[in-house]
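Consider the single chain below, provided in structure tokens and representing the form predicted on its own.
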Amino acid sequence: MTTQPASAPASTDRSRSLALYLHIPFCTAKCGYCDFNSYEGLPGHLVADYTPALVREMELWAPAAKDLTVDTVFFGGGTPSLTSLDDMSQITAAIRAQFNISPDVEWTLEANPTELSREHLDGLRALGVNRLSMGVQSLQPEELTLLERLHSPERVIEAVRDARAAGFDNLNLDLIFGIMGQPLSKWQDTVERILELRPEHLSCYALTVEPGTALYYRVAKSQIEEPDPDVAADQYEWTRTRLAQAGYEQYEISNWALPGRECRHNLVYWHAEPYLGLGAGAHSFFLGRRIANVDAPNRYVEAVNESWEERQATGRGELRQIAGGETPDEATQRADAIILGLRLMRGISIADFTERFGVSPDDAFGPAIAKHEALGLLERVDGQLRLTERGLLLSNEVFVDLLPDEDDD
């Protein structure tokens, strides 16, 4: 297997930085494995009302972010590539008007190969979108059918070709392994064909059967078998070796990039840094609080409009689109930082953690760290605490022991 990077680059002060996430909940069809807040077949008027509500929510939040600089913007979903260029123009213009945008901001948009046209890609690029994340999942027709994906392998290749022609030089492709009935050879074939396209970034996820999804009920009714974790582990280990041979650096459990092409937006999450989520069901960690918007798009639109109208009339008013939130205590913040940080291949800097929280990782999590070091799942290298190669396969066993106890301060 491949070796892990020995040390982390010098840390930078990101105390005045902010990441923006914008949720577009609409889909042509909902995939059987998907448990995201996404919807198909919503009324046309609701789709039309969504962009103005999103713009109004930006205006509601902008005063709280006036001293921060936005370094990354991420359009997720759902299927953001379904959004018309006219609507995208309104949204991107509002972001620039309401927030302080870094000159080298990373603009990522998630897309499905099915909906992408060369004209649409040209338009997105002209609006400033400079990173495309495409949901490929597989290049095997039978696996795409099982996952209820609407595109063909050939369409993926066409979409990548069109994206390159439109000027996208930062492209991520999402892939899924561990699909039920998927032999190693089929996964290898998908990866080898993807490598021929030379994307700058690859996200490779093991299939999880989430409760409430169509796939979950098919498994529960014994219509299809469960994924085999042993096969998935073999596929994951082969992937690590093969992608390293191809020049990709694994920087997170499920993510690989050509040098310098890591996803800056997702690094904000793994570093437990602030981000503001806009849109139906969007989550935030902002101003020291975790908050979540209402899921239902119709209720989201109504709540934002009510809040905006009250703000216009009185100059103040609550943000009704927020469904709930909490201020995480110190123990929870420490647990978030170590669990998210350990997803990164370099792990966490012991010195940086100690400076941030006033206690070392051993002071905060001594028994759990000692346990998993003894089991060979954690190790220390050059001042970093990180998962071992075996620990990458059993990371959840480590993470569960790092969760705060309910009676922690």
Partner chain sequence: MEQSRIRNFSIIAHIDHGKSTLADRMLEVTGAIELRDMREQVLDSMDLEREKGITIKAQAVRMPFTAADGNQYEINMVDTPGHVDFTYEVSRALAACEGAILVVDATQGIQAQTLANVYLAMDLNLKLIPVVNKIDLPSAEPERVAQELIDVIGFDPDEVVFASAKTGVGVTDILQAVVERIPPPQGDRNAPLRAMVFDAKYDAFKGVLVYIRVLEGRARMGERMRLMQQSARFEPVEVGYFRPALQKSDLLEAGEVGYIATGLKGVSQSRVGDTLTIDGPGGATEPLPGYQPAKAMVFAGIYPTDSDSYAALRDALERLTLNDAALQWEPESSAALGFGFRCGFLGLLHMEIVQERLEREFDLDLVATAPSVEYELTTTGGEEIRIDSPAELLSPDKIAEIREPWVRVTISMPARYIGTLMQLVTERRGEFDRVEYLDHAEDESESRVLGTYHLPLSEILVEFYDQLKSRTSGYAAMDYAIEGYRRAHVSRLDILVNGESVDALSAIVPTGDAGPSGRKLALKLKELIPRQMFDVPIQAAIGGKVVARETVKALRKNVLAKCYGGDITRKRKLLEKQKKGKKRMKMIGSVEVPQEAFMAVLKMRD
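Here the structure is a predicted model, which is why all the values come from computation and not from measurement. Positions refer to the first chain, counted from 1.
One more form of this protein exists, namely the form predicted together with its partner chain; it is left out here, but the text below deals with it.
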Original post:
Just one of 42-50, 361-369, 59-67, 336-344 has heavy atoms within 4.5 Å of its partner chain in the predicted complex; which?
Top reply: 336-344
Original post:
Looking at 86, 225, 230, 196, which has any heavy atom no more than 4.5 Å from its partner chain in the predicted complex?
Top reply: 230
Subject >> Heavy atom within 4.5 Å of its partner chain in the predicted complex - the one residue of 106, 148, 158, 234 that qualifies >> reply: 234
Original post:
If you check in the predicted complex, is residue 392 within 4.5 Å of its partner chain, heavy atoms only?
Top reply: yes
Original post:
Quick one: is residue 377 in contact with its partner chain in the predicted complex, heavy atoms, 4.5 Å cut-off?
Top reply: yes
Original post:
Is there a non-hydrogen atom of residue 281 within 4.5 angstroms of a non-hydrogen atom of its partner chain in the predicted complex?
Top reply: yes
Original post:
For residue 275, is any heavy atom within 4.5 Å of its partner chain in the predicted complex, or not?
Top reply: yes
Subject >> Within 4.5 Å of its partner chain in the predicted complex, all of 18, 131 and 169 (non-hydrogen atom) >> reply: no
Subject >> Residues from 89-113 in contact with its partner chain (non-hydrogen atom within 4.5 Å) in the predicted complex >> reply: 110
